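Here we start with a single chain on its own, the form predicted on its own, put down as structure tokens.
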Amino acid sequence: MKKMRTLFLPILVILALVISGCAVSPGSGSGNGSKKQTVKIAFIGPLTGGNSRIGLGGRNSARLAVYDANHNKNNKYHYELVEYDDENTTQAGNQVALKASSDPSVIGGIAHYGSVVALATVDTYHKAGFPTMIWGAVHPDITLGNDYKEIFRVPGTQIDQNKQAAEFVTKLGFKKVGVLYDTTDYGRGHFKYFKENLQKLGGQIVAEMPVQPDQQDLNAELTKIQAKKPDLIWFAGLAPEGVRVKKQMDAMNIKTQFMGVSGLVNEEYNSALGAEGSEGSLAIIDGAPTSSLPGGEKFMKDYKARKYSEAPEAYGPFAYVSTDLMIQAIEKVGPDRKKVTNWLDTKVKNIDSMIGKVTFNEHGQNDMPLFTPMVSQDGKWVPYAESEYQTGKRKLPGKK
């Protein structure tokens, strides 16, 4: 018996070594073995809370980019996505930003949907020399308000978004606008640029009401706005707040047209209100809908093939492209934060991506030339130009 145990032990050791060599790196989607060095990239976004559908869609899209990279035989490295939940709050955001950037094994980050969170964390990334790609947050100062070479952003900013929004509103004939905006930097920033552009086009802000992001009762503000008889009520905030505004408008029998910013374009808005409650709501997004993007069809096909539980949502394509660019940088210069930062800063000029050409200017900002007005139709966000409202088959609720 002792002799059998002596012979059996080496066999167990060999089996253990074989099994360990076939281990799958988390988030990779493929076996790594000992052939390639594993490189970690952080994904940071709201994985829980009221904006989690956007965050999970972004996370899944980043996972897809990692999966694609790990199935590219020409790549030098194997990639692992390390996921952090920023809860879309500055407290959690600062904690996970510090955790990710202080881990030397994590080379860079794909970070943040919320502008307030991104604004609070960019100093941390800069101090750590941590190359960071912003995948959702749109406040201009994230990239334009500093000289941090580590910070890059693929989506556009509030400046261009609200120029397009003001043009869209006035083209539809809405000239008198009542405004609700949340008191965060996100809400105030949107309002600043929307107001500037609307007034240039001859529009008028007849009432402006700041509200707290967690404010539940909006009756007083809506009553004051409605007393001014606006053509449109415009809201600057995220989808959970927008749901509260629209529900209370309906409860007060306010039939005025409702419009929000890009933060409203979340399927949570439609599901929370139902098709009837959300119908005819307007908003605007960066870029084009996924179906209209150069690589949109392939992206959706590959995304569905991975059987993710959540949709990519409006900012999933930006998360995918952000991750892909980070991987391209690492492939070119190796897993070195400083070299990756320099490559992103100097080499991203007219690079093809699934959203079109990407070019980072001197601020690390991709100059996003296109924004798309959206309308909620039958419980789904659809491009206004492709909707039955554009053809005249349906009439906007607040259209005179």
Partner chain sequence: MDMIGQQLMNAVMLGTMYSLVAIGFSLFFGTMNVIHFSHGDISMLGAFIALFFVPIITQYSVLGSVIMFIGAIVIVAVLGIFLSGLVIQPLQSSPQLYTLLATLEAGLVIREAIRLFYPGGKMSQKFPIIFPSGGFSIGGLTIRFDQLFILAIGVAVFVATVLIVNKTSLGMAIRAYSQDKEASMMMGVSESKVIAVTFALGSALAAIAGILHGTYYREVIYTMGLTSGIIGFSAATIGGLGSIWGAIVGGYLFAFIQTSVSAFVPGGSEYRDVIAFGVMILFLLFRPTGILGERQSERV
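Residue numbers count along the first chain shown, from 1. Heads up, when I say rigid core I mean the largest set of C-alphas that superpose within 1.5 Å between the two forms. Keep in mind the model is a prediction, meaning the values are calculated, not measured.
What follows is about the form predicted in complex with the partner chain, which we do not show.
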*asked:* Please determine whether residue 240 contacts the partner chain in the model of the complex, using a 4.5 Å cut-off between heavy atoms.
replied: yes
*For residue 60, is any heavy atom within 4.5 Å of the partner chain in the model of the complex, or not?*
no
*Applying a 4.5 Å heavy atom distance criterion, does residue 49 contact the partner chain in the model of the complex?*
yes
*Does the 4.5 Å heavy atom contact test between residue 248 and the partner chain in the model of the complex come out positive?*
yes
*Just one of 244, 149, 78, 163 has a heavy atom within 4.5 angstroms of the partner chain in the model of the complex, so which one?*
244
*Of the options 170, 183, 204, 291, which one has a non-hydrogen atom that comes within 4.5 Å of the partner chain in the model of the complex?*
183
*Picking from 321 to 329, 207 to 215, 256 to 264, 106 to 114, which part of the chain touches the partner chain in the model of the complex when contact means heavy atoms within 4.5 Å?*
207 to 215
*Enumerate the residues of 262 to 296 that have a non-hydrogen atom within 4.5 Å of the partner chain in the model of the complex, in sequence order, or give none.*
268, 271, 272, 273, 274
_Checking residue 247 here: with the core superposed, does its CA move 2 Å or more between this form and the one not shown?_
yes
*asked:* With a threshold of 2 Å on the C-alpha, tell me if residue 226 counts as moved between this form and the one not shown once the core is superposed.
replied: yes
_With a threshold of 2 Å on the C-alpha, tell me if residue 297 counts as moved between this form and the one not shown once the core is superposed._
no
